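Encoded as C-alpha cells, the following chain is the form predicted alone, with no partner shown.
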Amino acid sequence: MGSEPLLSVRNVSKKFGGVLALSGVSLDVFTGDIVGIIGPNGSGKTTLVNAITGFIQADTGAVHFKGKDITNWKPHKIAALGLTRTFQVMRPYFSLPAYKNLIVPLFSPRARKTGGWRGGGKMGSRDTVAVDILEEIGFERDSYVPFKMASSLPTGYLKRLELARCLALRPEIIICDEVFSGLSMSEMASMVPLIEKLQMEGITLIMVEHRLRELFRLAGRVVVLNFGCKIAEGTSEEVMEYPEVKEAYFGSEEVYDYV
C-alpha cells in the first residue's frame, strides 16, 4: 500500500429529486487493494460507483484518481485513465460474438498506448488478443464458447465477459458491481481465484457485493453504506461488529446466510 491513495473520494453527495442517495461519502483506495462496498438494497452502493465513474454527476464532493481531479468527467475519459467498471446488469454487444465484444476496447487509444494490443495493424491479431483475454478470465480456448454470440451466453460467461472488456483496456482499477450475483455456487467458487489472480497481476479492485461470504474472503477492507451514508469501514470482522451495521442488516439474508 502506497502513502497516497490511487483513488480518493471526498464528501460525495447526490440527490434524485427529494431523495438523498449519497450523503458526504468519502473513501480511499490504495494500489493493490481489494475494497468491498456493502449495504442493504437502496443504500447507495451503485450510485456511488456511478458517481465515481461518471455515469451520474455528483452534486457536491470530489473524486481524484492518480492525483487528478476527475469529478464529473465523462465515463470514456475516466476509462481512458485506467479506471474501469463492470455492470450489475450486463451490457455486452449481444449481436456480436463474445470475442468481438473486446474489439472496441482494443481499438481504444489507451489499449494501444499501454500495449493492450500489439497487432501491428492486422485484424487477425486483434482477434487473437481478444481470445487470449477471454481465456485468461475463464473461457475455454479450445471450445467454441469465445465465438458464440453474446446473446446465447449464460450468466456466468457474461459476468466474465464484463471483466474481459475491462481487461482489454489494461486498467489500474476495476470496479466490480455485483460480480457474484446470479452465479451458481460452482461459478462463484471459480470466480474467487480469478479475482485473486487479477490482484496478483497488479490490478486494484473495488467490489460492490451482496454475497458477503465470497466478498469477505477477498476484501482486505470493507466500507458499509446505509441510506446513502458511510456507517462503517474496516476489516470484515470489524465492520460486522458495528451496532449500526448490525441494525442495518438485522434479520437480513446476507448476514445470516453468507457471513
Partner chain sequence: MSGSKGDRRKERIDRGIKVRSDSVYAISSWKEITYLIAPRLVLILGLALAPLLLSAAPYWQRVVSIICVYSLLAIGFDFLANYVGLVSLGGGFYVGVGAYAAALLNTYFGLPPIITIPMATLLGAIICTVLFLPCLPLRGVYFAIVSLMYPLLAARIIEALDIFGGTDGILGVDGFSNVWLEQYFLILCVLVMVFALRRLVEEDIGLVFRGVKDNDQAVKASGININEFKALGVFIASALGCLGGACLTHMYMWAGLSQFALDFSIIPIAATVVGGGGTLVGPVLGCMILVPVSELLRDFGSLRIAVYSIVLTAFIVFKSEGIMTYAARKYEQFERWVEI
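Numbering follows the first chain given and starts at 1. All of these numbers come straight from a predicted model, not from anything done at the bench.
Note that the form predicted in complex with the partner chain isn't included here; everything after this is about it.
- The putative spot formed by V208, F216 and Y242 is not touched by the partner chain in the predicted bound form; no residue has a non-hydrogen atom within 4.5 angstroms of it.
- The partner chain in the predicted bound form comes within 4.5 Å of no heavy atom belonging to V131.
- At a distance threshold of 4.5 angstroms between non-hydrogen atoms, F55 is in contact with the partner chain in the predicted bound form.
- Proximity of F87 to the partner chain in the predicted bound form: non-hydrogen atoms within 4.5 Å are present.
- Although the partner is absent here, A79 sits close enough that one of its heavy atoms falls within 4.5 Å of the partner chain in the predicted bound form.
- The partner is absent here; in the predicted bound form, the one residue of I103, M188, V145, L158 having a heavy atom within 4.5 Å of the partner chain is I103.
- Scanning 17 to 45 for heavy atoms within 4.5 Å of the partner chain in the predicted bound form gives no residues at all.
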